[in-house]
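First, one chain by itself in structure tokens, the form predicted on its own.
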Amino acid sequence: MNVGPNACYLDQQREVPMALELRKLSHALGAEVCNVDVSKVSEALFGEIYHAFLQHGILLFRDQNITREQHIEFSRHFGELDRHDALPRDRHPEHPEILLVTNEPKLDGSPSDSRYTGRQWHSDMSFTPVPSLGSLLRGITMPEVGGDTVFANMTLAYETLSDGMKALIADLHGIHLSGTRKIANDDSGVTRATEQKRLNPPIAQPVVRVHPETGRKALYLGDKVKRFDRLTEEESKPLIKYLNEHATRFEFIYRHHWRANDIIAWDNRCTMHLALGDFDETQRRHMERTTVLGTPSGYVV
């Protein structure tokens, strides 16, 4: 089907034509869901949305001027929500289902704990025994320019590896660490790093994950992985570097330029992402995320 780059189209790849209008975001992954108010989604419509979610990996919903309660309610269509016990400093004090991603100072004037959240390639909550199924991030206050998020299609990354490389990594487990993001270089930063190690011990996750719904294999790595289980960091480093660089090649990514009231939902089982710090940090960048729980995976090391 030939459509213009800015045109919405009917997704008719199933036997019954669907009413959902989509616009592709990139060749690698992603689609914008057009003309949908996420505060008014029926179960039938959500079935079509979820089909598109599995097909495209990430979905964009523009112009969603909604409340926190509506954000949470829409997210619950995807599954049970994480209350972010693994990240207690970052969650909203009244809505634990919401994780704050913000450079807005705290009430006492001290820097936000989450101002550097996401500035490394990762899949959400990979450092926990129940890594995330998906995340829904809402842009609320955005800087004039910059502050983009980049997404990578980890299914394509796996499928384009050689047969020999697929065989080499088939049984490997990468050790995912919490607390590897940039933090303040002061006593609070040291305290936070210590706290994260206590709350979230290292977790070994399979390097190749099979998506439980599509059955497709995907790489599962990122910058939180420093070594493979049963190998040293020195032995692991060259292969981790290769796989991460391969997965983030231009042909596998989509870069999102945020607008206020954007919501992006992404599938953490087959994508990873990176928040860019390419903006004036004197300007506000305030975002809020819900996290959908996945299925148990990996083991503590």
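Not measured: the values here are computed from a predicted model. When you see a residue number, it is the position in the sequence shown, counting from 1.
Same protein, other form: the form predicted in complex with a small molecule, not shown, and the subject of what follows.
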- With the partner omitted here, the residue among 28, 66, 275, 45 that in the predicted complex has a heavy atom within 4.5 Å of the small molecule is 275
- Query: Only one of 149, 103, 178, 155 has a non-hydrogen atom within 4.5 angstroms of the small molecule in the predicted complex; which is it?
  - Reply: 149
- Item | Whether 117, 122 and 289 all lie within 4.5 angstroms of the small molecule in the predicted complex by heavy atom | yes
- Task: Answer for residue 137 alone: is it within 4.5 Å of the small molecule in the predicted complex, judged on heavy atom distances?
- Result: yes
- Message: Can you tell me which of 267-275, 49-57, 245-253, 66-74 lies within 4.5 Å of the small molecule in the predicted complex, counting heavy atoms only?
- Response: 267-275
